[in-house]
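What follows are structure tokens for two forms of the same protein chain, given separately as structure 1 and structure 2.
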Structure 1
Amino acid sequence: MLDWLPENVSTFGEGVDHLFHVIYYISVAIFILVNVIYVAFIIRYRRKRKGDKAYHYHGYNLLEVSWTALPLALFLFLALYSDRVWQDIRYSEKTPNPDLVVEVMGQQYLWHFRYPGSDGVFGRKHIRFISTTNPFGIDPDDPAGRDDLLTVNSMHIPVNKTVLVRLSSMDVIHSFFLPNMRVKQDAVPGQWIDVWFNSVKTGEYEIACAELCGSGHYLMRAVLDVHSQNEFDQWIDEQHENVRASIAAAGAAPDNATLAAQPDDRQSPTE
């Protein structure tokens, strides 16, 4: 009954799917039970003769305690049962050491991605520098930020590696949703929120916005390319070489638009 779920390619996805299955089947069982009781009462207490009147009475303490205590017990069970999976995904002390860190910025209606430059260091950023042409707020006076790699609506990662996403938004609340990775996290303006995942399979996967963020919400989709390690190394080296060539061609500290130019046909200049 649950074959319609997107393919799971995440290391922790099996635990998430298991919880989904448990909650789903509990919900189905409750739905069936309630409707069976409902139909039984309609038949059992229907009016049998013309002129019959309903008998009204107020209160039944055992019934009222039962339908309050049983849902409470169910919710406590689900909270305790799901805590281990929640810890593995969300608790910072259990987050594996990342092999790759990517900054992600949501904007109506784009996803911006930022990788460290060939020096392996992210350039300094500050909120006062954020603009439509500089979505991450990279400090133009920081040399470490001049070779940072920027892409739009296109994220690339290696397979079987822990990826740490540092997530924020420059306008409204968005939701960074990777169905195949079982990741969904709100992107909140003014905050940086960490979320991690590890893909066990190469391929192209959807990145969507799961929060209604405006009239163009349906446009806010990106592509996640999961490569083999060799393919990812080739891709990142090409991007770094392109940035170095742009810097050399500029003959000086380049502007943000020059740094962002990428050969990938799904990428557009952002800075």
Structure 2
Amino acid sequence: MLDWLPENVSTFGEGVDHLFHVIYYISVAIFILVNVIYVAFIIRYRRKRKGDKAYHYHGYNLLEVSWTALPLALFLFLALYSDRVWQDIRYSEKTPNPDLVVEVMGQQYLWHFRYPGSDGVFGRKHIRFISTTNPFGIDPDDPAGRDDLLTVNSMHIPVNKTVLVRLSSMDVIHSFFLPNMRVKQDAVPGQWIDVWFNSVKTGEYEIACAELCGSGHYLMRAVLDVHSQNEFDQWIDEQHENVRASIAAAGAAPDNATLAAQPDDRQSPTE
């Protein structure tokens, strides 16, 4: 059954899949064991003759204790065993130092992505500035925010690098789902949530929304492009160039107008 899993291309995905397999085999074993006994009983202990009495027996305490203790031990083991992987992928103190930080903002029904501009830093942001034309709430007074790179439904990352996604939503709860990376994290309005991954293989992968967010929920699809480092550098330079050009085109216009105008033509340049 587990052959149906989408290809895993993330570093920690192997750990997740390993656990998946362990629990799967244990479950199948328990299922077969219980049902073989069950079916055997059904066949063996069906009434064969009218009037026969069954075995009058109320139970055996030692058996009760053992079939309490054994599952308890097994399930606690599974919990502890799972927790190692869980800590590795989610505990903040175990998060590796990111090579790239991307901010992701959910909106009915699309995903916004934000990269630092050519200055290498994100502009300041505040929830108060969020609007349909400024999805990340970039502070218009911060010059560092002016060249930030924004894309829609299109995410680009380099291969073999730790990517930290900083996730939020501007309207309802969405869920950022990368099947091939074994990543799923809800995007909650009013809250920034970090989640990281590291892809070991280049290629094009799908991003989905996994939390019901309205009738267009199913349309909330984005594409993740995993490039080699060179390709990625090339891509991001190109994008920075475009941003600079559009700022220049806005010319002498005052800062605020530039900022407001920029996310408006937010077609992802690659598409």
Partner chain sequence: MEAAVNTVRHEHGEGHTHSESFIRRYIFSTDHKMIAKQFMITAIIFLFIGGAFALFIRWQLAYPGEPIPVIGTMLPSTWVNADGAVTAEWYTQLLTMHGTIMIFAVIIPLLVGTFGNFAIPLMIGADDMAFPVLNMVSFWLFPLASIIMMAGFFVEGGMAAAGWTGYAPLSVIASLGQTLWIVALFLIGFSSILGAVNYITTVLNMRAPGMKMFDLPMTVWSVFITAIIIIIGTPVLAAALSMLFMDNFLQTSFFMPENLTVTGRDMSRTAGGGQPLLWQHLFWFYSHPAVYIMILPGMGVVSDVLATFSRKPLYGYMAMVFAIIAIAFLGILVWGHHMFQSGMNPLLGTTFMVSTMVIAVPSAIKTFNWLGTMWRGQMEFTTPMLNAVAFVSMFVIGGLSGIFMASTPVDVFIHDTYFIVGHIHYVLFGGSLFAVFAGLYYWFPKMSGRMYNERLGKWHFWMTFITFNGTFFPMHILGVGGMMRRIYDPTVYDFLKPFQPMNEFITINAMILGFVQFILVFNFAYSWFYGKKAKRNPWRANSLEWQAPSPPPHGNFDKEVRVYRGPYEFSSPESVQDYLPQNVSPEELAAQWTRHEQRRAQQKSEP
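Everything numeric here is computed off the predicted structure, so don't read it as measured data. The first residue in the sequence of structure 1 is number 1, and each one after it adds one. Superpose the two forms; the largest set of C-alphas matching within 1.5 Å is the rigid core.
Note that the form predicted alone is the one shown as structure 1, not structure 2. Relative to the superposed core, Phe75 shifts its CA atom by 2 Å or more between the two structures.
Annotation: Cα of Leu219 displaced by less than 2 Å between the two structures, core superposition.
In the rigid-core superposition between the two structures, residue position Lys53 carries a C-alpha shift of 10.4 Å. A C-alpha shift of 4.3 Å is found for Val36 between the two structures, based on superposition of the rigid core.
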